[in-house]
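So this first bit is one chain, no partners, the form predicted alone, shown in C-alpha cells.
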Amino acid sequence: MTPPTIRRDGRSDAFFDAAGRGELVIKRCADCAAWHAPEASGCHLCGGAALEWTRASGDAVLITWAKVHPRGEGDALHIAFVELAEGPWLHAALDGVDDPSAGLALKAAFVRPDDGEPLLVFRTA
C-alpha cells in the first residue's frame, strides 16, 4: 500500500524538522513536565498552555492494530495505536511487523517517501 503524502502545516514544523533528522519529538508541559501527543494544544493535567517540543526515546509498546487492505493492487498495511515509553499514545503504521501482538516492544523510525514529509512508523524493537 502506498503511504499517504504528508504535508506540514506550520503547527507541525518542529515535528517534521526532527523527523528529518530521524528523531521523534512530542510535546511536554513546561509547567508540570507531563508528556503529550504531538497534536496536543494544552496540558490535560495542570491546564498549562506552554507545551514544548521535546525529544522522546522512540520506545513504545503495541496497544492495538488493524490490517488495512488497499483497493486494487498493493500490499496490506498494519496501522496501530502504540503507547510511548513517555506515556502518550500515537497512531502510526507498523513497518516489517508481520505478526503483531499486544504488548510487542516497538521502536520509532521514519520512512522517507519520494514526495511529502517523513512518515512515522514503528518497527519491532
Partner chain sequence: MGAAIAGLGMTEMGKVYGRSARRLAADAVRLAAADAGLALEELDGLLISHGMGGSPGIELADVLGLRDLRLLTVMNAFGATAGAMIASAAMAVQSGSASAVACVFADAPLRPKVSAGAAYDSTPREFRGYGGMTAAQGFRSVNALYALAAQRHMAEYGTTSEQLGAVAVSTREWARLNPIAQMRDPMTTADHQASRWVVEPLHLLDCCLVSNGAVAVIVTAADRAADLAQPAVHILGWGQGHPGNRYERGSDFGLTTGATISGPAALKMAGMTVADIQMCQLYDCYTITTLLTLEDYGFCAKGEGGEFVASGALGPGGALPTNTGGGQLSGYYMWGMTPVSEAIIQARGQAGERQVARNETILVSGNGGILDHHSTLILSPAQAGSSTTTGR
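Positions refer to the first chain, counted from 1. Quick caveat: nothing in here was measured; it's all calculated off a predicted structure.
What follows is about the form predicted in complex with its partner chain, which we do not show.
Item to check | Heavy atom of each of R21, A33 and G47 within 4.5 Å of its partner chain in the predicted complex | outcome: The answer is no: none of the three residues contacts the partner (heavy atom, 4.5 Å cut-off).
Item to check | Non-hydrogen atom contact P38 with its partner chain in the predicted complex at 4.5 angstroms | outcome: Answer yes; at least one heavy atom of P38 falls within 4.5 Å of its partner chain in the predicted complex.
Next on the checklist: Can you work out whether H69 and its partner chain are in contact in the predicted complex, taking contact to mean some heavy atom pair no more than 4.5 Å apart?
Outcome noted: Output for H69 is yes: heavy atoms within 4.5 Å of its partner chain.
Item to check | 4.5 Å heavy atom contact, D115 and its partner chain in the predicted complex | outcome: Answer no; every heavy atom of D115 is more than 4.5 Å from its partner chain in the predicted complex.
Next on the checklist: Considering non-hydrogen atoms and a 4.5 Å limit, does its partner chain approach S57 in the predicted complex?
Outcome noted: It does not: once its partner chain is placed as it appears in the predicted complex, S57 has no heavy atom within 4.5 Å of it.
Checklist entry - What are the residues of 7-37, in order along the chain, with a heavy atom within 4.5 Å of its partner chain in the predicted complex? => result The stretch touches the partner through R7, R8, D9, S12, F15, F16.
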